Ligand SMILES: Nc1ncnc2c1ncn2[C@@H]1O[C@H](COP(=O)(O)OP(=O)(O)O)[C@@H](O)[C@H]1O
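Starting off, we have a lone chain in the form predicted alone, written out as structure tokens.
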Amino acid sequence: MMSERPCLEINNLSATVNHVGERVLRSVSLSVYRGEVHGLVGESGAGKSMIGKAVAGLLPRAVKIIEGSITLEGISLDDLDEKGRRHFLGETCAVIPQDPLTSLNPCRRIEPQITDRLIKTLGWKKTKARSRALELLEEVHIREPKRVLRAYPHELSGGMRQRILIASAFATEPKLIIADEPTTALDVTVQKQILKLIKEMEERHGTAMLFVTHDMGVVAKICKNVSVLYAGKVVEQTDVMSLFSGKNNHPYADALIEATPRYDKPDHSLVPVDVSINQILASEILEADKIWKGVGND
């Protein structure tokens, strides 16, 4: 059951790239409750990962938040200094990255890559942290966890590496997890297993989750609510049941659904996003940006 207060609340968030002054996020607002998986879906470059990075404090230096607020567990990130923000996010938020091979240090064994977070963030002793690491590997269904802790990333399969990243994300019992396309680098069979595991872990721990994906099929499997993005703007925000019922959706949301492969229907023909929809959205965003720049110059 979801709590009354959102775990994560983003209000009217806009961000620009410094050297060109163009907005990459456009007045984004959304809420995520504990026990909820909220999907961020859209084409490449829509701003999905940028929202996750803004929340986690991982925005590139060239990208600056110019308006809006991010509130996590009732605390506004704007009210914290840089050191306090890093400490707060380290305890409260975790990220499951996209590529398990490049996200793990190839020169270190698996054990310290899990235990370091527990030792540095929670101040645990090495022995206690190792015991917790073993528990986590068992929780994500990894066989022979003691052997795996001694292994290097290249000695493990892609699916095992992703399970380790999931275990690491849940290590400190964070309130919010940002999953940034965590199944993109995996084949279809392993992807299904990982999605099932993420959902299982999320329900067991009661965590709020922001799930970034370009795949409407993944949204249907794992998310409760969804925000559909185009060029940094939320064009549709609804629950997943309503989205796939096809009633009162934004045309762009319907177009993304039609462009998604249907593995349950081999004869289903893919329909590209209609050019006219992109033209209408691009025109709307252009006009909105003109107004925004005009206000900014007054």
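Throughout, we count residues from 1 along the sequence that is shown. Keep in mind it's a predicted model, so treat the numbers as computed, not measured.
Omitted from view is the form predicted together with the ligand, to which the following refers.
Checked against the ligand in the predicted complex, the residues K48, R34, H38, K233 give one hit for a heavy atom within 4.5 Å, which is K48. The candidate stretches are 246-254, 269-277, 56-64, 233-241, and the one lying within 4.5 Å of the ligand in the predicted complex by heavy atoms is 56-64.
The ligand in the predicted complex comes within 4.5 Å of no heavy atom belonging to L13.
Using a 4.5 Å cutoff between non-hydrogen atoms, E258 does not count as a contact of the ligand in the predicted complex.
The ligand is not shown here, but in the predicted complex it comes within 4.5 Å of a heavy atom of V17.
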